[in-house]
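In structure tokens, the next block holds one chain alone, the form predicted on its own.
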């Protein structure tokens, strides 16, 4: 996907090379990650609010310190009115994404919104329409697209090196909610939404597969499981999901998503198998791309001197100097800033349309699981 954008600033003027003024809603870990990437892209973090209105002055100051913002604000409205924001990053609990992103777009601000874009399809579709109507850049951080070796896989698949692609397997495994005492706002459907594990990390895997393959998941059969009833009420969203699927081109696949897989910290792995070659990527070993062939296998290292141009563009360090998650996030935000300025032809920037796509797939997973795994169409 190639995306081009115009050069209007939040206030309607030309941006040129002016430093983009960034604000963040949400002062937790993800808020810090977004803010740090904005600074590394040359932006200035001018404001932050926790997303919970009516915060006391000390809490507002603590939020500013947490993300390194110039100033903290008690609520979104005061920050939008005062901070002269170019781009707003939404890093709050899932159920609040649609409302906050919608207010920012209505104020003429470019938006980066954490996934899931919304907790239901209708709200996500409304945001896509709002972004288009406002003429704003609206992006979702599916940042694993920005690993150089993911770009290398994409280039090789696009060149037909796999031959006839027949199957895809993979998963996204974490263990941070494996313990009986593990708690987080995400387990509460009122905050995290009706899906947790799949909406949170399964969406990343599906986006990555569709991005590298250029194919689309057309129908699926899913199961979801609650392993730990942390609230004691049976109202928790799922800890894990398994999905069988078929794509528009006839490829079949299997995906396992879990946040209760002991020992797996953040393992997103994807393997695409073809008649001539197979390709495997593992986010816990992101410097390498496995290439399988009938006559023998090999491992490609991230080396800017040997990668395809699309992959080399995202290689920030010499070979042997490891790049990782923050580097991906930095590249995503840098491309977002480039799109806002209209400086470059940005290839593969994940937009609100991609966020809507992920919400549609999640909705299909939930509908299939609720019907006992019945095969369910994913709207194109």
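Keep in mind the model is a prediction, meaning the values are calculated, not measured. Numbering follows the first chain given and starts at 1.
Form predicted in complex with a further copy of the same chain: not shown, discussed below.
Of 130, 218, 155, 277, the one that lies within 4.5 Å of a further copy of the same chain in the predicted bound form (heavy atoms): Selected residue: 277.
Selected contact from 83, 121, 100, 201, since only one has a non-hydrogen atom within 4.5 angstroms of a further copy of the same chain in the predicted bound form: Only one listed residue qualifies here, and that residue is 201.
Per-stretch contact check against a further copy of the same chain in the predicted bound form, the hit in 132-140, 277-285, 210-218, 103-111 (non-hydrogen atom, 4.5 angstroms): Of the stretches listed, the one contacting the partner is 277-285.
Contact of residue 264 with a further copy of the same chain in the predicted bound form (heavy atom, 4.5 Å): Judged by the heavy-atom cut-off of 4.5 Å, residue 264 is in contact with a further copy of the same chain in the predicted bound form.
Residue contact check: residue 293 to a further copy of the same chain in the predicted bound form, 4.5 Å heavy atom: Residue 293 belongs to the contact set for a further copy of the same chain.
a further copy of the same chain contact at residue 150 in the predicted bound form, heavy atom, 4.5 Å: It does not: once a further copy of the same chain is placed as it appears in the predicted bound form, residue 150 has no heavy atom within 4.5 Å of it.
4.5 Å heavy atom contact, residue 179 and a further copy of the same chain in the predicted bound form: Yes, residue 179 is a contact residue.
Contact test, all of 125, 205 and 354, partner a further copy of the same chain in the predicted bound form, heavy atom 4.5 Å: Zero of three within 4.5 Å in the predicted bound form.
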